[in-house]
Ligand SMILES: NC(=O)c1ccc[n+]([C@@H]2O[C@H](COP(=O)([O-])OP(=O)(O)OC[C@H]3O[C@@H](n4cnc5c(N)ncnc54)[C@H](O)[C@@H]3O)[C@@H](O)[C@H]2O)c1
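Okay, here we've got a single chain as structure tokens, the form predicted on its own, with questions on binding and movement later.
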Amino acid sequence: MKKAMDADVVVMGLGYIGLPTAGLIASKGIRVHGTDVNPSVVETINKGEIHIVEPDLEGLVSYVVKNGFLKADRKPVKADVFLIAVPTPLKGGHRPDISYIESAVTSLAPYLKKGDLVIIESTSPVGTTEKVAEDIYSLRPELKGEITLAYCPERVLPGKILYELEQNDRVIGGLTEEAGEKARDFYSRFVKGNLHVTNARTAEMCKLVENAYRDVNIAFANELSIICDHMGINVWELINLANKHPRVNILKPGPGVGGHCIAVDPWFIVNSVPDTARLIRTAREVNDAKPEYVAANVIKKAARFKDPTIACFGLSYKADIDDLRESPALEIVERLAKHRAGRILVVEPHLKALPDRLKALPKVELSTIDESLKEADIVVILVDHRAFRNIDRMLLREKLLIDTRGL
């Protein structure tokens, strides 16, 4: 019988994936102990509140915390399942940084016991699950052969995370067949989608390939938008016409690619096989260069004015969320401010304050839609938030409009 301080599941990391996952699992009556290194995150969750923007999440967290199924802390406890959902960013040279995973392993190792299941959900380079096993056994050699390890990446869309965590198919990679089956049994308790079991390396690569595929297709659209800009062609009309072909489906271009997944994961593949992943590398370079192209275009237009006011609509990396990770919109605003292109009004309905990297820059203000439309000489659409879709076009008649989203 478990002690009162123990849990059924420990979730390491309570961010954009960890917290919704912990909440969903807890909603099934499973005791979840979530951990996070940020004390304010822990405090917020234990009050039944959330620190991120995600539809329906706050109500779910409030319910499971109030009913005792979810508790947050800075340290783990003993459990049957340990789920790692910490960040895996890039470091210098576009190399994957798995130090957060390594820290999570060091933190959870003392609490492991015979029969436990450890699952990595963090997007990881191929071979990470094997390394985690080695790290655990180096810390707890008596557990070798006594615990199981698996890899199961999330594949959710911000804004629909709770629905997709439950409904989407999942790929589960076990270090052994037993581990794969044990992980499938665990996920079957709260996932309605199909569960596909394979080995850990294939599952790790599957997550990277999914995002690299999307990145390559976005790069085609982004490069096409630059070509059309040089040739005086309306890229939106062109794509619409080209997509009338029954076997053509060109994506919409944008100001770049953001978020922790598509903007990061393809580099994991390139880092592993740098001489072979040529197309994947080129797609990353095309998408990474797009914010610089957009900023240069705005700066060129701003030079027409003596003292321009530039309204930048959107700062997050995609519509209707507050997530700024790898955001091309944020990079563009930062470039404009550092170039001193003019007074910059930032319109971001999902933020209450400017992010720290913009606060110290000159002439950057958080503004409203109405104020920005009234005062701006140049309007730059960087994110297609719902709040921007019904802007009265009459208010744009006297403005110079740069629309990177085709809004």
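Bear in mind that the values here come from a model prediction, so they are computed numbers and not experimental data. From 1 onward, residues are counted along the sequence shown.
One more form of this protein exists, namely the form predicted in complex with the ligand; it is left out here, but the text below deals with it.
S.K.: Considering non-hydrogen atoms and a 4.5 Å limit, which listed residue (Val132, Val86, Ile119, Val270) is close to the ligand in the predicted bound form?
M.R.: That would be Val86.
S.K.: Report the residue, out of Glu154, Asp322, Glu334, Glu223, that has at least one non-hydrogen atom within 4.5 angstroms of the ligand in the predicted bound form.
M.R.: Filtering the options by heavy-atom distance leaves Glu154.
S.K.: Would you say all of Asp36, Ser103 and His260 touch the ligand in the predicted bound form, counting a heavy atom within 4.5 Å as a touch?
M.R.: Each of the three qualifies.
S.K.: Within a 4.5 Å heavy atom cut-off, is Ile17 in contact with the ligand in the predicted bound form?
M.R.: Flag for Ile17 set to yes.
S.K.: So, in the predicted bound form, is Met12 in contact with the ligand at a 4.5 angstroms heavy atom limit?
M.R.: Residue-level check for Met12: yes, a contact with the ligand.
S.K.: Is the gap between Arg170 and the ligand in the predicted bound form 4.5 Å or less for some heavy atom pair?
M.R.: Taking the distances in the predicted bound form, the answer for Arg170 is no, it never comes within 4.5 Å of the ligand.
S.K.: Would Arg284 count as a contact of the ligand in the predicted bound form, using a 4.5 angstroms cut-off between non-hydrogen atoms?
M.R.: So Arg284 does not count as contacting the ligand.
S.K.: Choose from 214 to 222, 229 to 237, 174 to 182, 155 to 163 the stretch whose residues reach within 4.5 Å of the ligand in the predicted bound form, heavy atoms counted.
M.R.: This holds for exactly one stretch, 155 to 163.
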